[in-house]
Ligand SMILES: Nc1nc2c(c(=O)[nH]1)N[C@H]1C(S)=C(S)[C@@H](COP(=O)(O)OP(=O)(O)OC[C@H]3O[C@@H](n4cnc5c(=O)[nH]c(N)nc54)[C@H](O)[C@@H]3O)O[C@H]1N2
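First comes one chain, alone, set out as structure tokens in the form predicted on its own.
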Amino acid sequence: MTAAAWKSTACILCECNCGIEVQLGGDDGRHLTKIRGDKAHPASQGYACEKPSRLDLYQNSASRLTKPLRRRDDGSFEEIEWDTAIREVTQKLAAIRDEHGGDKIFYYGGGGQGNHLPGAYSRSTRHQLGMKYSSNALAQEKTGEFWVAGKMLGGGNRSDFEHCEVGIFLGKNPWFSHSIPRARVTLREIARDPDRCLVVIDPRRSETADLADIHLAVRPGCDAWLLAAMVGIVVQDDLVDHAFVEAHTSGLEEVLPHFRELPVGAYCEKAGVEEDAVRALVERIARAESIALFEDLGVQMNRHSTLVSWLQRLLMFLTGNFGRKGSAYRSAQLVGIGDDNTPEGTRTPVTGARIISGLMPCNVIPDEILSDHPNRFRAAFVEAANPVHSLADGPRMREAFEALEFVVVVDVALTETARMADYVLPMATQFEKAEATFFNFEYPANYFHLRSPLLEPPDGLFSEAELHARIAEELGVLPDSSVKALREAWDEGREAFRACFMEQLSNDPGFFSMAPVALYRAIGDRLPHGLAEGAAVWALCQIAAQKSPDSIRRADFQGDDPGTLGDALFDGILEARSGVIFAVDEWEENWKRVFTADGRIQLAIPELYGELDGLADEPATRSDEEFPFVLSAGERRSFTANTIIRNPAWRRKDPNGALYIHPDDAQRLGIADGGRARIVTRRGSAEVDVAHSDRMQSGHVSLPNGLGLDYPDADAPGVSPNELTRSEDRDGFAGTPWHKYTPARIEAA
């Protein structure tokens, strides 16, 4: 028997979206029977961790939906036909818009991991229905960092771990959470090189910390004191790279007074780290040729998260680590993920919470609904997301969704959020349509991967691009004349097509918001088989060619003008089934991407001075007899990631998601290794399996993410951490949740 052909696609379980190859088989030929890393992928180069090995459990899930569902009066669901579903959903949303205003319909989603094209196509629906407010998982994690990076650089930045001398991971365990290409390979390379230094700042002795040269085991929630002390040492010991700062930054003299008298020893003591160890690390950083730093959820879902984002960048930029090999950079991107273009002062309608990068804080969603305020949200459109399970304070989130007048959920499965919807619209899976990720942050060579489908969708199912096109047609807003003109122009040639597209933009100001679905209808069926959803990428390529023409030409795409260059890039993306390098930067390019008023890095952020100075009098640790432990709610482990794999069979290790606790704490409480315990927080309680772990600090416990999901004919193993977290526990500036700092009590069950 001839072996099945290997087909290129990508893992969809974390932001890296490593290239993988798949063999299909099984009785119906629709099972992902073998999976391996794709050596042709420009970034992952054949690398893959253990997590994608059972992606077939996603593709062939018993939770899969194949027909639209409508809720009956008794609360049960009935299957309906697509024409009925599209008509009724559109009518009900339009009725809410007409009676209360489209801004009373909030949108949650925009694409899950590796499922980003729906975010582009949803723009038409959101615009035509007047949906003003939106959020997604980035607002649980990254918006404080986005705001800080926007203030300092004019947009988001990453770091070059492949070439750095010192690599620092702050609240991050890339052994399991990845986020950099070939994570485990890169970690080992740094650790094995005697001239390089791997640093981990984390309360837990993580798997990455096992490899590290330096592990600073900071007290849970005390990273701000540690980072402030590190910047204080740079300032007080004059370890500033004065040449760099003078040439490339503004605001130094405004920042210095906040650190000149900062009590370094006292702050190190509050952080629970030896002062000598902190000073030794800062000196190592100051004399290094380059440092790379990555902050992640351990600090971004913790106390003072926005302040920490500023302090770590001060540490980087005061020591000259931007715009050179091995340091921080701003890469060429097709989509500016992490760039905050929201006008300052933009707030949510009920609570007045700050909106960053167009996203309202997830934790205020219940407050924006459970109110008698005239501008409260009355309906929700949820796409490729599960906020009832994945956002803080599950009980209150359910209460809020029950209070909405209308909810529509677009997803592949009957998720916890879908069960609360009035209509559920099932979609093709990520392996049954063209898809892509916009999390492309590599440097100096950056890639984009438009993935071809592995399979045709089941009868009657289609992609989100098709859904939003049908909604636009039902609303009567899809410009048929523009679509017809674009189709004809495409057949005539690319020059004619570009001219036609620009004409539509100039003639109709509203066409910009409809452009994705117009492109999908106009040229989707003209693209190579299976790549129809890639139509919107044409516009992204044209914009990229305007912004970064030199970088694109260095990637061997040719074009005398931005239009022909953008077309060459688009064609290259269509042809490269394993992804393609679309931009090759030079390090000097970074300075062209510092989009601040004076083109220099802005060190001063006055909005954070009060919080910084307040650390001096703020207790670093709690004294709470009722809740003496700190729970990290949502630790990444070997077989946890996002929740698109609902089948509990995929977790080969720790199937019930044990509570990790230090052996001394467990012994004092009389809880055996492998036993059961009750964990109690201010929000709720749950019984959990227990595993003794000397990786934890005394007083610190953790539960994994991704558990507590219902699945047909199976108990829901483990605990959903958000049954234990509270929506009011959040960063005072960006509103990001304190999942990693949840006060808790542990009792023997």
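Sequential numbering from 1, following the sequence displayed. Because the structure is predicted, anything quoted here is derived from the model rather than measured.
In what follows, reference is made to the form predicted in complex with the named molecule, a form of this protein that is not presented.
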May I ask you to check whether Cys14 falls inside a 4.5 Å heavy atom distance of the named molecule in the model of the complex?
-> yes
Would His304 show up as a contact with the named molecule in the model of the complex if we use heavy atoms at 4.5 Å?
-> no
Hey, in the model of the complex, does Glu464 get a heavy atom within 4.5 angstroms of the named molecule?
-> yes
Any of the heavy atoms of Thr643 lying within 4.5 Å of the named molecule in the model of the complex?
-> yes
Which of Ser331, Ser159, Thr319, Asn386 has a heavy atom within 4.5 Å of the named molecule in the model of the complex?
-> Asn386
The named molecule isn't shown here, but in the model of the complex which of Val89, Leu297, Val166, Ala436 has a heavy atom within 4.5 Å of it?
-> Leu297
Is the named molecule close enough to Ser124, Ser357 and Glu728 in the model of the complex that each of the three has a heavy atom within 4.5 Å of it?
-> no
With the partner removed from view, which of 561-569, 499-507, 386-394, 478-486 is the stretch that lies within 4.5 Å of the named molecule in the model of the complex, judged by heavy atom distances?
-> 386-394
What residues of 720-740, in sequence order, lie within 4.5 Å of the named molecule in the model of the complex by heavy atom?
-> Pro721, Asn722, Thr725, His739, Lys740
